[in-house]
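Only one chain is shown below, in structure tokens, and it's the form predicted on its own.
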């Protein structure tokens, strides 16, 4: 009777088959939030984990997957991508990661996601079942707009999505997981690969020289402009609550209301301790929640991040140093430093071509001081909690979404194979354009 109640409660009547109900039998289960359990089964009903145990009766019509000798982990989550928004970076028509306008909080990345993007198939093969996708892209780091465009301060709403679905609505975990803010920086970015922001380049003139005074003035003006927009949104909030005569609804300010209420975090890229401190000060003044994105070094900001319980999304571990005089292992050791400082963090790859390497980015950090279990949390439960989906994703627990991967070993080891991937209980075919081409030419006569 108890099992029948579970079936009915999950919408699966006795005797009925479902493509998102399955029993994985006899596997080693790694819940992430608790100790591993050897040789048990996981029952998934109607897309959710119904039971984990050694002796589970198989409901009629539920498919059984033999997990003997295999491991089951929660699906991995990448916290910094533009998946579904950018297909081929150099072909403009396939990129939908930017809109004109300085303040565009009403724009939702989710509505532009292309479910048929080839990138999704590639990352599913690696065991990645969810990603954060950002409306203005993630590769540019700090600062304002690109060449030929004015600085964009608020780019829109980032979405937490599954990596499989027929439509963008079907893929959504949270259509509004964060508002992306491009916080001003003091001076041009240093190190390798950083373009000079248009607002700074415009000051240089023919000589190319920009004084510190000029950079400081520009920085202060841009921070003030961003603060003014938040203040305007707050006045709008008060006017709406007071139901003033002649009140006119404004989509830009409507999108800011969850931010001002503390329900939606602001994602701010900040590379250096100084820029992290400035971003924290701004957030405190505006009384909003923030998530720091892509720090290249923590330094004196580490204690401040810990004290204020501000989470961090670390960028690629397999990366070159930021500056010519920085240590070669700057990116390698940063996750270990964040862990020792007590900062809650997750990993983001910040470029579509590297998303598939998410587990190996985390693995490299293990070789440079990060405990293995913390590396695994940083690509599972930590991002789920940071982006407000900890009750749905990130670990193997009863009533959570059945987003999981079945592997031959530790997913952080490069020789490990992902045998099965399930998203909301539905097994996903592990094929991509690359595997199809491989099979095509391997079998030709």
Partner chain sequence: MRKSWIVALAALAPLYAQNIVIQNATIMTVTKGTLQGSVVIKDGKIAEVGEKVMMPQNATVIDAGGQYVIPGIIDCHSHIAVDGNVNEGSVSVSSMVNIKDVINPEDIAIYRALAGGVTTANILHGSANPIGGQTLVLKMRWGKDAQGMIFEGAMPGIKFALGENPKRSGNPQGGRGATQTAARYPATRMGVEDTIREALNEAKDYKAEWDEYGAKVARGEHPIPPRKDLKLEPLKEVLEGKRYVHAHCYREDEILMLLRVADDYGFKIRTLQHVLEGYKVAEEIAASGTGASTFSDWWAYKIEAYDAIPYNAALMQKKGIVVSLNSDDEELMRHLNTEAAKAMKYGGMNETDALAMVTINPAKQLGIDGRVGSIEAGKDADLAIYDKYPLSDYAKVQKVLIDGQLYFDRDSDVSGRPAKALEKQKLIEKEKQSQPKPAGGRRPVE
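Every value quoted in this text rests on a predicted model; they were computed, and no experiment measured them. Numbering follows the first chain given and starts at 1.
The next section is about a form of this same protein that is not shown, the form predicted together with its partner chain.
This chain appears without its partner; in the model of the complex, the one residue of 329, 169, 99, 304 with a heavy atom within 4.5 Å of its partner chain is 329. Of the candidates 251, 242, 224, 90, 90 is the one whose heavy atoms come within 4.5 Å of its partner chain in the model of the complex; the others do not. The stretch among 242-250, 228-236, 351-359, 283-291 whose residues place heavy atoms within 4.5 Å of its partner chain in the model of the complex is 351-359.
Every member of the trio 320, 325 and 367 reaches its partner chain in the model of the complex with some non-hydrogen atom inside 4.5 Å. A residue is said to contact a partner when one of its heavy atoms sits within 4.5 Å of a partner heavy atom; residue 118 meets this definition for its partner chain in the model of the complex. In the model of the complex, none of the heavy atoms of residue 266 sits within 4.5 Å of a heavy atom of its partner chain. Not displayed here, its partner chain is approached by residue 416 to within 4.5 Å at the level of heavy atoms in the model of the complex. Contact check for residue 412: a non-hydrogen atom falls within 4.5 Å of its partner chain in the model of the complex. Along 420-436, residues 433, 434, 435 each place a heavy atom within 4.5 Å of its partner chain in the model of the complex.
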